[in-house]
Each structure stands twice: as structure tokens, then as C-alpha cells.
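Here we start with a single chain on its own, the form predicted on its own, put down as C-alpha cells.
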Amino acid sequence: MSPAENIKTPCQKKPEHSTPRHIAVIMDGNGRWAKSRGQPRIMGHRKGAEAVRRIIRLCGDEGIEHLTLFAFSSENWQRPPREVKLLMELFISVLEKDIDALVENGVRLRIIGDLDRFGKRINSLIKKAEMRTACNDCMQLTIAANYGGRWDITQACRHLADKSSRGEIDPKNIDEELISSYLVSDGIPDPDLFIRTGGEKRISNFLIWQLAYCELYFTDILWPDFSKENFSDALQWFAGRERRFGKTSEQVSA
């Protein structure tokens, strides 16, 4: 099956109130999936890439507007050099081979994070992919690469401090909305549903600011095995949540 068939996401109607508009995912468990099968860790990451295509398609089927995937954290550079090298090669392969499928299926791609560390080749591929998909409007796929939530908030503070020191911003006017506009996710609505596979129950420095009112769903399923049924379970769980945002149940019902 080609990448285009895997990613196929025809435009659907807007999601209902019980369906998240934006889903964020930590795709955990690739290495353990491979180890349990006596395979090198990179095989788990390659299998995980197939799961990425699957969830893009599933989100398209549900009419979900935004999907954000945590592909590589700023802490992942600490992994063994060979694994990092192979992950970079996999990243390049995906950027080269899957973009046509995204274009064909109306998926806009955006990469967020501290991208300078990736070097010229990857940054060139990122810019090319973002430009090619810029007019797509069926769904936005955001990949967080060399990303950390604390880094994101820090870089936003630095920009605000710089503008304040030059008299371009009055510190009294700095509010949550302004801070959000300086995060690398500017223009993307905050996630409604966060999914983490692999059994860990933490957000691991992912979208710290943006997840403030998100519903957090954790599953023991390893990412390469995350199926349509597992995705449906997460959506069903979300539909049963009462999102109060500080209000009482009576206020929400009214």
C-alpha cells in the first residue's frame, strides 16, 4: 500500500461538540515494540511511521481539524548517537516520500520546534514541505521536532522581553493571549485531547502551556500497535468527559 493510500483523508464535516477539534499525541513505545520482537529499535520507529499514517487517516475520517505529534523532543539528543542518526534518516525519508500524499489529501504540514539544530538539508526539506502543503485546508498536521515545552515558553519570554526593552510592548499589556502569540504554536488552537501511548503517565515537556485545559488520555498500547479500535476508545472516552473550564456542572449543562 502506498503512502497516499495510507494517509488518505478526504475532507469531512466539522467535528461535533463531543469530538475534539485538536488532538495531540506522544507516540511512545516504538523501541519497546521492537525489543519485544528481538528487533533493533529503529524497526520500531519505522513501524511507528506506519502508525502515523494510520492516525492521520483516522483523524481525517472523523473530521478532526488539527493533529499534533511529538516526533522528537529536545531531550532525545541524549539517546545513543547511532539511534539519533537513524531517526534523522527516517525523518528525511518521511519528508521526501510522504509529502505527495499530504498534498493529494489536503493535509497541511507544519513543523514546530528549535529547528536550527537539524542542519541545512532537513531544514530545506521542511521549508519545501510546508510550502507545498500551505494551501491545504482539510486538516493540519503539526510535527513537534526538537521541541520542548519549557524551551517554547522561554523563547516566547525572550522575544517579549526584547520588544519591551525597545519600547514596542508595554509590560502591563502582556497577557495570556499575547504570550500565546509568541509560542511556536501560534495560530493553532490548544489541544482538546492529549493521547500518550506506551503506558507512561506524564506529558514529558510537551506543549506545557497549550495543554492547560486538555483532557489527558493514557494507554498501555505501544505506538506501533495503536489501532483504529484504540483510537475509537480514546474518542469515546473524550466524549464522556465534562469539560467545565472552571465552571460548575450546572453552568455547563445550562
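These figures come from a predicted structure and were not determined experimentally. When you see a residue number, it is the position in the sequence shown, counting from 1.
One more form of this protein, predicted together with a small molecule, exists but is not displayed; see below.
*Asks:* Within a 4.5 Å heavy atom cut-off, is Ser204 in contact with the small molecule in the model of the complex?
*Replies:* Ser204 belongs to the contact set for the small molecule.
*Asks:* Taking heavy atoms only, is Gly60 within 4.5 angstroms of the small molecule in the model of the complex?
*Replies:* Gly60: no contact with the small molecule in the model of the complex.
*Asks:* Indicate whether Ala71 is a 4.5 Å heavy atom neighbour of the small molecule in the model of the complex.
*Replies:* Within the cut-off, so yes.
*Asks:* Give a yes or no for Leu193: in the model of the complex, does one of its heavy atoms lie within 4.5 Å of a heavy atom belonging to the small molecule?
*Replies:* Close contact is absent here: in the model of the complex, Leu193 is far from the small molecule, nothing within 4.5 Å, heavy atoms only.
*Asks:* Can you pick out, from Glu130, Glu83, Asp114, Asp100, the residue that has a heavy atom within 4.5 Å of the small molecule in the model of the complex?
*Replies:* Of the candidates Glu130, Glu83, Asp114, Asp100, Glu83 is the one lying within 4.5 Å of the small molecule in the model of the complex.
*Asks:* Could you check which residue among Ile55, Met27, Ala49, Ile64 gets a heavy atom within 4.5 Å of the small molecule in the model of the complex?
*Replies:* Checked against the cut-off, the match is Met27.
*Asks:* Name the stretch: of 75-83, 153-161, 134-142, 168-176, exactly one has residues whose heavy atoms fall within 4.5 Å of the small molecule in the model of the complex.
*Replies:* Partner-contacting stretch among the options: 75-83.
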